[in-house]
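Heads up, the chain below is alone and in the form predicted alone; it's given as structure tokens.
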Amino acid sequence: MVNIEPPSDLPDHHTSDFRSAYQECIIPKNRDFDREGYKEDLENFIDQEREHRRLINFCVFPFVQSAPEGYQFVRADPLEECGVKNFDFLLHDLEGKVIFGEAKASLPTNVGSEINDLLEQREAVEEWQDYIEENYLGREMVFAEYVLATYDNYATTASRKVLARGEDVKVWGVNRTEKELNIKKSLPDETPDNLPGDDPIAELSKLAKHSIGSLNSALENCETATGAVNVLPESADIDQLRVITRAYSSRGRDTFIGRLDIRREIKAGARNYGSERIDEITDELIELGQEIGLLRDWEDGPSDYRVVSQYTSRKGIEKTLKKKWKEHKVKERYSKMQEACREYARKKVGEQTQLSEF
């Protein structure tokens, strides 16, 4: 018999039936739960998140280091604080011209759903334009352009799909080996029949390029790199937790970190986020770090928290982080199974009660 505590309001004479029903549910669920397979899925998810962040960095690095044609990096995940799904990054030339960019580290052969998502995000920008102007730009938006950024091996296909639909979306391609950013202007084999004007090819070429001609030139073989932003407020929690691996200190075999260390790393990595939001992210990461067992209060220690790891190197602590996070996710998944079985058992006992009344 599985030892499960029945609901407090369940009559004592139903306790045995509740436990039997719970056992009937949880045993096959537990048997069918492929823990190792689930961990492999989580490992793949970690790799995908890391690649997504890397691609965003490739896209924004030139606009952080300098200001090609006046465009500067404003922030990652605009409208995140409003709970609105939107683009991955925002660029602004300080005169009212903006670029919203969406980064996709991989794309399916049919890019249709990704293009549709991007168009929905563009509608959100229009809906929230007043907020964006007041909170990010500090002035009226003159015009906005929209970018789908991806790696070179997907960029040509993406560009042709976008233009074949006649969408005013620019495609950027990133060569991760050469660390170069380029604007893709691959024309499709067939032109859409809804383009204005007498020269569809000219219209397609216009759609493929930015309105600022000199920006197109700046984005030809544009050198780039990673490391511009390390904390993306909408990225996965495992990705954000890496601030611990970057900001910890060690003394002998002890590894430790303070709240101010974490906050400083987030402030440097998130870029242009307000103090209040940085405090929120800091508190959320500390709470999660404690929940998965990577951080532990250290009242008499040299800092606020002990970093719980048998390693002292950054690489070793990264290894510990991934292991603890995956174990936490497995427990979380099992807890959801338990909750589903509790609900099942409760309903089944209820059905028996109703039957007994007839």
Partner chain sequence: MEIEQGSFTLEQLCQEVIDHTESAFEQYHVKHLKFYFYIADEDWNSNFPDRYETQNYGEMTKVSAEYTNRFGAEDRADFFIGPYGDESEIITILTAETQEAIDQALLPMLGRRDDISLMPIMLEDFQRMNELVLEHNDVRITEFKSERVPDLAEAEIRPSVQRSIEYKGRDGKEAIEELRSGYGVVPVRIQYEHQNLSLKIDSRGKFTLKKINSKNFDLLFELVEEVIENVLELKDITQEIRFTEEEVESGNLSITVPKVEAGEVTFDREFTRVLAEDFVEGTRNRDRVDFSFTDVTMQAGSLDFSAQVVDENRNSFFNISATADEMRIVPETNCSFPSLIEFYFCVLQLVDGSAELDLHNSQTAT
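Every value quoted in this text rests on a predicted model; they were computed, and no experiment measured them. Positions refer to the first chain, counted from 1.
Not pictured, yet referred to below: the form predicted together with the partner chain.
Enquirer: Can you pick the stretch from 299-307, 285-293, 312-320, 26-34 whose heavy atoms fall within 4.5 Å of the partner chain in the model of the complex?
Expert: Answer to the contact question: 312-320.
Enquirer: By the heavy atom within 4.5 Å rule, which residue out of Lys206, Arg277, Arg259, Lys179 makes contact with the partner chain in the model of the complex?
Expert: Checking each option against the partner chain in the model of the complex, the one that comes within 4.5 Å is Lys179.
Enquirer: Would you mind picking the one in Glu134, Asp254, Glu81, Asp168 that has a heavy atom within 4.5 Å of the partner chain in the model of the complex?
Expert: The residue in contact is Glu134.
Enquirer: In the model of the complex, is there a heavy atom of the partner chain that lies within 4.5 Å of any heavy atom of Val330, even though the partner is absent here?
Expert: No, no contact at 4.5 Å.
Enquirer: Is there a non-hydrogen atom of Arg50 within 4.5 angstroms of a non-hydrogen atom of the partner chain in the model of the complex?
Expert: It does: once the partner chain is placed as it appears in the model of the complex, Arg50 has a heavy atom within 4.5 Å of it.
Enquirer: Under a 4.5 Å heavy atom criterion, is Pro192 part of the interface with the partner chain in the model of the complex?
Expert: Output for Pro192 is no: heavy atoms all beyond 4.5 Å of the partner chain.
Enquirer: Would Leu94 sit within 4.5 Å of the partner chain in the model of the complex, counting heavy atoms only?
Expert: Yes.
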